[in-house]
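First, one chain by itself in structure tokens, the form predicted alone.
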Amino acid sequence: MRIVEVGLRDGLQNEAVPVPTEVKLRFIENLIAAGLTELEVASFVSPTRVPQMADADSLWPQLPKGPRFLALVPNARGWARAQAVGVEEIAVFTAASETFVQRNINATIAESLTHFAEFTRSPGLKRVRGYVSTAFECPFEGRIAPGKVVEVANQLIALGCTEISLGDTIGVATPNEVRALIRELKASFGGQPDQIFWHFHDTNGTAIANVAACLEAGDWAGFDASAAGLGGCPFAPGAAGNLATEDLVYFLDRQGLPTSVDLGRLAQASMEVLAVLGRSVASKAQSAALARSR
């Protein structure tokens, strides 16, 4: 079961306290030491809009060799910056809600897709991930029809995306809503199930229940998660932290789906970052693992 660790990008982007580059690098090293092999670590966005990502250009050349690293690229300008420092695996971001996309990247869904078409098939790109945010509900428009989500996912596949991450951006989905989207995916998704990742926020405590619903209904590529449950979207009121990687690893391991991630080491991996941010441990599995290590 693949896990994409998004703590460095989605986890930190909403934090007002700046995390120094050297702390981010130690965080990355700790996550890798725990067994994580796919990490989204930066975003080549405007530093004025997301100050926490201002060090993307200096961070990337210092990354260790071996794991797969992803960077979020919002437009051709961001791709030029990413390309200049050797990025080969990228993510692009749109949503199933027009209002959300416009507030987030100042474009319509159609315009965002047109912008992505300028670079998603660039020579040298090894991987293009497409995010479909607000896959269940938008903070501005309300509930989103599953058909709209799959429509946007199909357009991203047509642009050259090799995988799609479906995001419960404000963490409101329940298993029945997940099953409804899965039915629509099975009926009309133009790609394959093993191209789909699920990205749950845990605002209302339903993230693990939604993971279980996914596991019961198909063979997907995997799940996104953030160490210590860090996260939240700066453009989505009410979007609390992501599904904690520790909680996901514990659940998958106990379900007989081994992840090869050392939960004890993972529980320790985010402690320096939490200290910088002035945050306490929120993940239940992380808290339990830390207690066992004392």
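Note that residue numbering follows the sequence shown and begins at 1. Treat the numbers as computed from the prediction; the structure is a model and nothing was measured.
One more form of this protein should be noted, the form predicted together with a small molecule, which is absent from this view; the next part is about it.
Is Leu31 near the small molecule? Define near as a heavy atom within 4.5 Å, in the model of the complex. Outside the cut-off, so no.
In the model of the complex, does Ser133 come within 4.5 Å of the small molecule, counting heavy atoms only? Heavy-atom contact with the small molecule at 4.5 Å: present for Ser133.
Does the small molecule get within 4.5 angstroms of any non-hydrogen atom of Leu59 in the model of the complex? Leu59: no, not in contact with the small molecule in the model of the complex.
Using 4.5 Å between non-hydrogen atoms, is Arg26 touching the small molecule in the model of the complex? Residue-level check for Arg26: no, no contact with the small molecule.
Considering non-hydrogen atoms and a 4.5 Å limit, which listed residue (Pro146, Gly222, Gly191, Gly78) is close to the small molecule in the model of the complex? Of the candidates Pro146, Gly222, Gly191, Gly78, Gly78 is the one lying within 4.5 Å of the small molecule in the model of the complex.
What is the one choice in Gln255, Thr37, Gln268, Ser46 with a heavy atom within 4.5 Å of the small molecule in the model of the complex? After the contact test, the surviving option is Ser46.
Heavy atoms within 4.5 Å of the small molecule in the model of the complex: which of the stretches 120-128, 195-203, 174-182, 149-157 has them? Contact criterion met by 195-203 only.
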